[in-house]
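Quick setup: one chain, the form predicted alone, written in structure tokens, and binding and motion questions come after.
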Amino acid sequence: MHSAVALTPRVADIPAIQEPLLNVSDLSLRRGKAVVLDGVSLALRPGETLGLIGESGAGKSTLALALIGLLRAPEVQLDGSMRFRDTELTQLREADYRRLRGNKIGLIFQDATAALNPCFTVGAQIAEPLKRHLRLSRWARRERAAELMHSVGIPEPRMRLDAYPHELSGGMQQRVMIAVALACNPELLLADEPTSALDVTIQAQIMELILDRVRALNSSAIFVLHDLALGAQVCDRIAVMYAGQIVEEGPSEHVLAAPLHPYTQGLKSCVVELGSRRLVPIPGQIPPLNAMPGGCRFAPRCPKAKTICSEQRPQAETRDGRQVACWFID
């Protein structure tokens, strides 16, 4: 189930000639012998919103964590390129990543209850990036923290500065997480399932709040999502991930209105709508990392699969203004 967000993508407002803010090229991430991300490529322009769509285990959150430097060597092996502005992230030292993380790149975690530190007040946690990156005085940090809490819709913000996370509802905790992530006006925001732990009545409010703040700052954003309809409503572009690979990518209204890849078509058929009496699930499940099939990773579940699909990996082709990796697009 999803809630409508009364905001529309704004890709038409972004000049096509603008250089990418983020450019990921042929990125692979390995844990031991397991290839978790396999040849991922995408670009994000300033002011643009991108949705990563796919089942659990598709690699969406892994990509987000790699971008913000929470998955790095020696825990994992990274190959390929992640370029933010003029900075190559795969080669960045941890000390340099700390200067980016929370400053130029913000992250909203999936579960605010787990992400917020129960031992510190919410005011202190919002003020921490202001101290580390902006060097604000104690008084200025407290004033800015109150302003941020007000901007994300927390009532009586000055009174709640000294509250601990457990004293706030789940929706209020998520608003605090948004305030922390946006405290330093980051150029890029990563939002990993930012509403999945909330009641459906609160989800639309939170998504609208995030979009309002991102657009007020003219920032770019990557949303990790399961909800296709929500992705169509809030994202300029959609990248559909399956088993660590991007299988279809392009403008959201094209990808979700008339999907070309069999996996995207399968995801769309799983959407539950009011009045629907028939569900069409995708058979099977994403294969485990230690048993990935050769060729196209979706082939064992694909109704269109032929012999070539299990033998050779399809390369992405441009069709109808999007990138699609399938042997039988037509």
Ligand SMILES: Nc1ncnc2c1ncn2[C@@H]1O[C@H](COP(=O)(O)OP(=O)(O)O)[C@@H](O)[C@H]1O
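Numbering starts at 1 and runs along the sequence shown. Keep in mind the model is a prediction, meaning the values are calculated, not measured.
Form predicted together with the ligand: not shown, discussed below.
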Could you confirm whether Leu289 comes within 4.5 Å of the ligand in the model of the complex, counting heavy atoms only?
yes
Taking heavy atoms only, is Ser28 within 4.5 angstroms of the ligand in the model of the complex?
no
Looking at the partner-bound form in the model of the complex, is Gly39 within 4.5 Å of the ligand by any heavy atom?
no
Any chance Gly57 has a heavy atom within 4.5 Å of the ligand in the model of the complex?
yes
Would you mind picking out the stretch of 259-267, 293-301, 61-69, 43-51 that comes within 4.5 angstroms of the ligand in the model of the complex, counting non-hydrogen atoms?
61-69
